[in-house]
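In the structure tokens that follow, the same protein chain appears in two forms, which are kept apart as structure 1 and structure 2.
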Structure 1
Amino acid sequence: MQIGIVGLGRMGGGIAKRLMEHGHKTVVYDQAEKAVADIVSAGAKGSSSLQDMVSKLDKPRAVWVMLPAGKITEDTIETLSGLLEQGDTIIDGGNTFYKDDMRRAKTLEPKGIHYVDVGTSGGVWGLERGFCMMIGGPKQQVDRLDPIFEALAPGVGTITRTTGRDGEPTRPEKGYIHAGPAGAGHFVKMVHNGIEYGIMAAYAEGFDVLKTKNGDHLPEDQRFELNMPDIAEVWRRGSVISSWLLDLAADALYENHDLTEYTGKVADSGEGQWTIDAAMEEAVPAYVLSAALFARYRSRSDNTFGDKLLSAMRHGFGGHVEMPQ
């Protein structure tokens, strides 16, 4: 089928190409003319503006917006809502906050424009492996767009089938789900990222315990000389904690045992924070997911004001002098 794609960065461009490889037609737009030209040379129909793109799409139209979450996505969807007509569908494939999806769906409803949100996981590997997709929106539209989603998804692959599942593979077994109404897709993707932070932190803390065990600040008879890349490697095979994130850790540790090329100042996108917000709204304890998020904050600052206050109080009651630098 045919689809419009707005935003031809690494993700948007990859989606366009993967769709065309699977026989779909794309009409593409990006503020950067060069980005458009690149995808056109791969077989897409280019356009010079949102208006131009919309005019080149067959009704009922479907436009996939693949832009950084926030103002630019908001503005683009606002503009599109003025250009599209009843029966058309806007798909937001960015990292949008699920409550923004819910709001937008409600705003577009009176105009008869459908809204579908798609959370995607897979990072830069998605182009090659396929995108794992969590989709929210009205069932009818998600079903209509199914060929698009199926083409983008990783497919069944070689993964062992879950015990008890049989018959024709369902969507989740092909790597995408219709999670619920507008917002549900990004909600599931948000929690996915929250979990991702937690898993990454578990590995990080564990490797910290291993690495520090080699350290010369410990008494000599309590030290080991553990080999980080080999430990990551062995755990990839048959251990309970094998995972794709561990595969990536093994790659990085093999390349540089000490990871000296990294400063360890770790960014966070919004999803980790939103997951904690959701947990609090639901009164669900999220000790691990929040600690994982806070460790990223902490990694980005030098000693905090709070730490100084601890030192000051210790000085107050005990006359304690601080640790030597």
Structure 2
Amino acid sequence: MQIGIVGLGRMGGGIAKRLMEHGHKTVVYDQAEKAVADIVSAGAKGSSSLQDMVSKLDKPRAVWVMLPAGKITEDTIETLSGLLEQGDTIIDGGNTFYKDDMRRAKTLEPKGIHYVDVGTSGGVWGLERGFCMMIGGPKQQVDRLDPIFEALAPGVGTITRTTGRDGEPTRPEKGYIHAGPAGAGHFVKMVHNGIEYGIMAAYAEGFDVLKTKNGDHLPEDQRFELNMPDIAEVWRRGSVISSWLLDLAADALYENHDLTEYTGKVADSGEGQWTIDAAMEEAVPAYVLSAALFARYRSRSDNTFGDKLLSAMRHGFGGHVEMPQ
């Protein structure tokens, strides 16, 4: 299939390259000419503007917007809505607030332009490992674009199948789902990120307790000098708390035991707060997720070893840069 891609940053560039590796054709645009040139060198067709990109796409067109949530995404989709025609599809793969997806879908509907939201997880490793995707939008359009999503997804891989799931692997087993109507994809991804906050906070707090067991405030005969890299390594192997996030923590700790390259000022994408907002709207208790979000806020004025580990994990999976001092 052919698809247009707007935004060739850490994930957008990986999406374009992975699609081309699977035989799909891409027409790409980014405000940074160097980013466009890089993807063109890999086989994409470059464009100098959104209008130029749209003119190079075959009908019915599909354009994947992979930009930061907020004004830049809003402006881009508004511009595209004036360039595209009935039957075309706009895909937002960024970290957009799900209620904005619902609004956009209603706005585009009278023009006959379809809207699909894709909560995309995989970070800077997506090109190699594949992207986990949570998709919202009309079923007919999601089905039409299925070859694109299947190419981007990780696939079944070596993960043991869940008991009772037999026969031909389904979308969820391949690493992507059609979650529901417009907004549902980003809603599921939003909660995914809220859970991510909680898991990362648990690791960070646990390693902080381990690290501080040698603190001067403890009686000398109760102090342990514990090896953080070795503890992370052993927990990766057969432990019930093993995970990719722990893998990333082990990498960071082995490279620098004290994580001195990190300040511990932990940023948030907004999705943790949106998850708590949704929990409050639904009257659902979310103690762990709330505490994890507040811990990030606290880190900006009072940094711990655990905060540094949080920053290291975020850098590991998403290439996220710490907040400035």
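Start at 1 and count along the sequence of structure 1; that gives the residue numbers used here. A quick note: this is a predicted structure, and the numbers were derived from the prediction, not measured. Take the two forms, superpose them, and find the largest set of C-alpha atoms that agree within 1.5 Å; that set is the rigid core.
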property	result
Selected structure - the one that is the form predicted alone	2
Residue 314: Cα shift of 2 Å or greater between structure 1 and structure 2 (core-aligned)	yes
C-alpha positional change at residue 302 between structure 1 and structure 2 - rigid core reference, Å	4.8
